[in-house]
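Single chain ahead, written as structure tokens, the form predicted on its own.
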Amino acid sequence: MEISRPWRVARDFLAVFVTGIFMFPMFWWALTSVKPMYAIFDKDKIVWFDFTPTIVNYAVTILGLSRSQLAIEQGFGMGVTGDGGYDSRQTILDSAIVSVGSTALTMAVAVFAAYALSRMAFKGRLSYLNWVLGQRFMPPIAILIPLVTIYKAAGLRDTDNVYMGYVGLSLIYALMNLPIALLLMKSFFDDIPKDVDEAAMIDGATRWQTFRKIVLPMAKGGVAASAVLCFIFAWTEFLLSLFLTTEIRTVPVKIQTFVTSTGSEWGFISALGTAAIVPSFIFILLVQRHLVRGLTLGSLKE
């Protein structure tokens, strides 16, 4: 039955309204990042657009320019830390290295494991899937103390070797994201008819050739969708990075250093927070063609 025009207009309006509600915090965060101090801390009114935009917050946090010259001279800053305390260029690089590395490792394992679980029958398969799902139920804080001890004994702390710190953080992020990536990829492989595999093997293809040349290309959308989720989870993770690293500081850990007992640098916090959203958007744009297909992969039926 065709929907009448008034109902379509109402539906579209409701969709825009709900989307606006979810997007408003991001808009306000971005707006705050270009506000001067007097606009952020105005006690008499909520300042929307009646201020002169400034790039001081981005210049200090993203470009690493001197806080003493840009912030203090223009009336910015609350005197929380010194000149280098807000430079976040290395922080963004650290987050990018760890997030990309953990995502690549997670997908490399999840793709093969999901294909095996989807196509191969073995004893205890269902119990194993339930066990994998159960790993997501346990909060990371429950294993923090033994994890810190293990990492210290294994030399995976950045205080011993900064490069091993990257490896250690990437490993734990990969383990954290592996259950969700495995379950997602299995659902995508399940939506691809098994007749495709059988037809390929009848024509002489091996199991590996069937997987690499036929099934995996059909599941590119699922790989993209799973990779996006893994990247976002790793990029925004706070607790594990806080306890397992000292020299390496990811974006969430760096942001919390801008909040102290003497005040909060909301301009710098919002600037770094807004800039931290950009890599996720870039990653999504790079895989958007496959991502859309991955979200509609369930339309394939046997």
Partner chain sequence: MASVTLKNIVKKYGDVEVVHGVDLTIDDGKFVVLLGPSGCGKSTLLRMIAGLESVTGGDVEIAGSRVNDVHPKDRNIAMVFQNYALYAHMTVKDNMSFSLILARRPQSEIDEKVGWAAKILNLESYLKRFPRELSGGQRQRVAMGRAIVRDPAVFLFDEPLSNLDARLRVQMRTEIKDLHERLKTTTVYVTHDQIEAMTMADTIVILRDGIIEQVGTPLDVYDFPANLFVAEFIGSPSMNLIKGVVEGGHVVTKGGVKLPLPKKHKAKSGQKVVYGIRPEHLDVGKGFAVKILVTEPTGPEIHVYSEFGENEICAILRERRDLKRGSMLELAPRLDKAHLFDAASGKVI
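Residue numbers count along the first chain shown, from 1. Remember, it's a predicted structure, so these values are computed and weren't measured experimentally.
The same protein also exists as the form predicted together with its partner chain; that form is not shown, yet it is the one meant from here on.
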| item | value |
| --- | --- |
| In the model of the complex, the one of P217, G155, P146, G124 near its partner chain [non-hydrogen atom within 4.5 angstroms] | P217 |
| The unique member of T159, Q90, N130, T206 whose heavy atoms fall within 4.5 Å of its partner chain in the model of the complex | T206 |
| is_contact(R136, its partner chain) in the model of the complex, heavy atom dist at most 4.5 Å | no |
| Contact of A108 with its partner chain in the model of the complex (heavy atom, 4.5 Å) | no |
| Contact of V167 with its partner chain in the model of the complex (heavy atom, 4.5 Å) | no |
| is_contact(P140, its partner chain) in the model of the complex, heavy atom dist at most 4.5 Å | no |
| Contact segment among 194-202, 179-187, 226-234, 95-103, judged by heavy atoms lying within 4.5 Å of its partner chain in the model of the complex | 194-202 |
